[in-house]
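In the form predicted alone, a lone chain appears below as C-alpha cells.
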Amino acid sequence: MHRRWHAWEPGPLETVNRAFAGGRRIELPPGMLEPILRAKRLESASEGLFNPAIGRLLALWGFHASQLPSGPPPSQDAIADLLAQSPSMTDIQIENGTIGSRNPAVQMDFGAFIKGVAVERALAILEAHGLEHAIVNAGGDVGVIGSAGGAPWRVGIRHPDGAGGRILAELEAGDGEFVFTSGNYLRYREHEGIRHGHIIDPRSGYPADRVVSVTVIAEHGGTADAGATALAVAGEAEWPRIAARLGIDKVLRVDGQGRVSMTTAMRERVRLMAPQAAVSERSLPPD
C-alpha cells in the first residue's frame, strides 16, 4: 500500500495524478476505487478541512520529499495561484472503470488517510487468520481488536514537545478502535527560526498552526487518520462541530500554549502523564 499510494514516487497514484494534470482519463487502477470514494465522503464531512486533492500545494511547500528543503517558504503569489484553482475531491469523476478530473490542479495525496486504511486491512488479515486479540502499530498510530489479557489496550501518546520521549497521556482503546495523532512537531521545515509544519490548511494554503497535536479514537482507521488531520486544521470554535460531523466523539487537542482540551467521551479514556498549563472539557453539538 505504501508503494501503491505514494504521493510522489512512481506508482499507480502518481500515474493517476499525471493523467489529471494532462486532462486525460485513464483506467482506474485496481484497489483504488473504495479508498477514493471514502476520501471524497470524508472531505465533505470535514467541510474541506481534510482535502487530499491539494497535493500540488504540499509539493509547493516542499513536503513531497523524503529530505525536507531549507530556505524560505513559497511565495504568497504561488500559493494564491493554486488556491484560486480550488482543487477538491469533488472534481474527480469515476465512470465505467475510468478516472479523470475536470480540474487539472487536482493532485491526490493520501498521506493523511491511507495509513488508517492500511491498519484496518492489517487487522482484518489477522482476524481472517483466527486471531482475536491484536494491536497493530504504524508509527505510533494504532488499531486494536480484542483485549490485552481481558483489559483495554493502553496506548501512550507522545508529548508534542518531543523532550526525552515524554508521554503526554495514556489512553484506553477497546475492541475495533483506532487511535491516531496528527501534529506538526515531527515533520516540518524551518527558516529563520520559524517552523512550517507539514499539515496545510486547505483554506489559506499555509501550515495549520493553531494546535501542535490532535489525538482521536474512532471506529475506522481511515476516519481516525483523516479526522485527526481535519481537527488539527480546525479552529478553536469550529473543531467540536467538525468532530461531530465526522462521527468522532473522542478527541484530545493540545494548542500552541500547551493547553489541553478534550471531549467528555475522551476524558473517560485518558490519563494525563505530564503537568499541563490548563485542561478543559468540551461537549460536541448534537447530530
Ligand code: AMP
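Just so it is clear, the model here is predicted, and its values are computed rather than measured. All residue numbers are counted from 1 along the displayed sequence.
Below: the form predicted together with adenosine monophosphate (AMP), not depicted.
Participant: Given that the partner is absent here, state which listed stretch (29-37, 256-264, 243-251, 49-57) has heavy atoms within 4.5 Å of adenosine monophosphate (AMP) in the model of the complex.
Facilitator: The contacting stretch here is 49-57.
Participant: Might Val216 be said to contact adenosine monophosphate (AMP) in the model of the complex, defining contact as any heavy atom within 4.5 Å?
Facilitator: No.
Participant: Just to confirm, Val233 within 4.5 Å of adenosine monophosphate (AMP) in the model of the complex by heavy atoms?
Facilitator: Within the cut-off, so yes.
Participant: Just checking whether His198 would be counted as a contact of adenosine monophosphate (AMP) in the model of the complex - the rule being heavy atoms within 4.5 angstroms.
Facilitator: Although adenosine monophosphate (AMP) is absent here, His198 would touch it in the model of the complex, with heavy atoms inside 4.5 Å.
Participant: Under a 4.5 Å heavy atom criterion, is Thr223 part of the interface with adenosine monophosphate (AMP) in the model of the complex?
Facilitator: Output for Thr223 is no: heavy atoms all beyond 4.5 Å of adenosine monophosphate (AMP).
Participant: Of Val179, Ala112, Val119, Val106, which one comes within 4.5 Å of adenosine monophosphate (AMP) in the model of the complex, counting heavy atoms only?
Facilitator: Result of the distance check: Ala112.
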